[in-house]
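Listed next as structure tokens is one chain, alone, in the form predicted alone.
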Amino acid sequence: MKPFSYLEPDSLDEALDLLGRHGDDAKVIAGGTALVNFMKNDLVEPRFVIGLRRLKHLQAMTEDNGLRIGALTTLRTLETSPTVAGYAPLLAQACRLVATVRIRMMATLGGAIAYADPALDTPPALMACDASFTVQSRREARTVPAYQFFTGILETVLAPDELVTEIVVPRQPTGCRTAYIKFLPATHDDYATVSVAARVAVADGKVVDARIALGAVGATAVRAAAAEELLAGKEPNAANFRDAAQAATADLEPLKDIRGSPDYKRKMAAVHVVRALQAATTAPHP
């Protein structure tokens, strides 16, 4: 790890000033569960590390046209919050399966988003929740839908002077039920081989709303829009779920790694899309 200067702003304006001044030479640290490992392995070598722990307002959750989650909110807070359980139970389910309690007490939602590991649990859950991210710089504030935010392995739409400040999650539609399935290669605290987030609403025996997103199946988490459209108006049965799974996985390009070959991951993704849809449509109503 190369030497660096540690800066700790007292306000969001000051943090954005520092990012604007130092650009690509700076990295932001919140919980540190991602950045510290990257720095130890010389994957990033910032000259400046900007600590955000004094920005307490970014740890808050408020209800205002949806649930607004400050970027410094920890995953442990999200998994245990009754408010999150009411607005977005899918997000709470996914957070519960991230690593260990110790990690979840440190890791922040904004950090998990910004570092964009394609195998993380929160991106597919946020996509399936129709979440959006507030991104700020001294130049502007903008809103980016979750499914447009991730552009590649550890890559996002963030400019060097921008910071994720807030995650906005709309209340899920009435009658929706959810499931998050994480297919693990070994221990419960490992990264997923594949993961699937599903949110489904059924009325009069037909699917009236569906969201499906997958993680660990390529360079980014992906939303399965074709599968969602295929389910619309259909009966929630095994045959239709299998058709949706084929649509969800047809264009996937999984990466080969220690967890399996691309072909294996594609097949496992199809299996677990079916299982997630079955779980979501048989789960008790919230």
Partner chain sequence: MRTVHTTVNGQRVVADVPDNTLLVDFLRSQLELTGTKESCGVGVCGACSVLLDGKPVSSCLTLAVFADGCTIETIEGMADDNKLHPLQEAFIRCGGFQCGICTPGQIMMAKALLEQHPRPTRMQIKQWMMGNLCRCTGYYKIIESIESAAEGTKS
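Positions refer to the first chain, counted from 1. All values reported here derive from a predicted model rather than from experimental measurement.
There is another form of this protein, the form predicted together with the partner chain, and it is not shown here; the text below is about that form.
Within this chain, R76 lines the site of the partner chain in the model of the complex, having a heavy atom no more than 4.5 Å away. With a 4.5 Å cutoff on heavy atoms, P236 does not count as touching the partner chain in the model of the complex; it lies far away.
Proximity of S5 to the partner chain in the model of the complex falls within the 4.5 Å heavy atom cutoff.
The closest heavy atom approach of G66 to the partner chain in the model of the complex falls outside 4.5 Å. In short, of 251-259, 238-246, 31-39, 225-233 it is 31-39 that has heavy atoms within 4.5 Å of the partner chain in the model of the complex. Residue in contact with the partner chain in the model of the complex (any heavy atom within 4.5 Å), chosen from A186, V101, A203, A141: V101. This chain is displayed alone, yet in the model of the complex one of V168, V208, I153, M106 has a heavy atom within 4.5 Å of the partner chain; that residue is M106.
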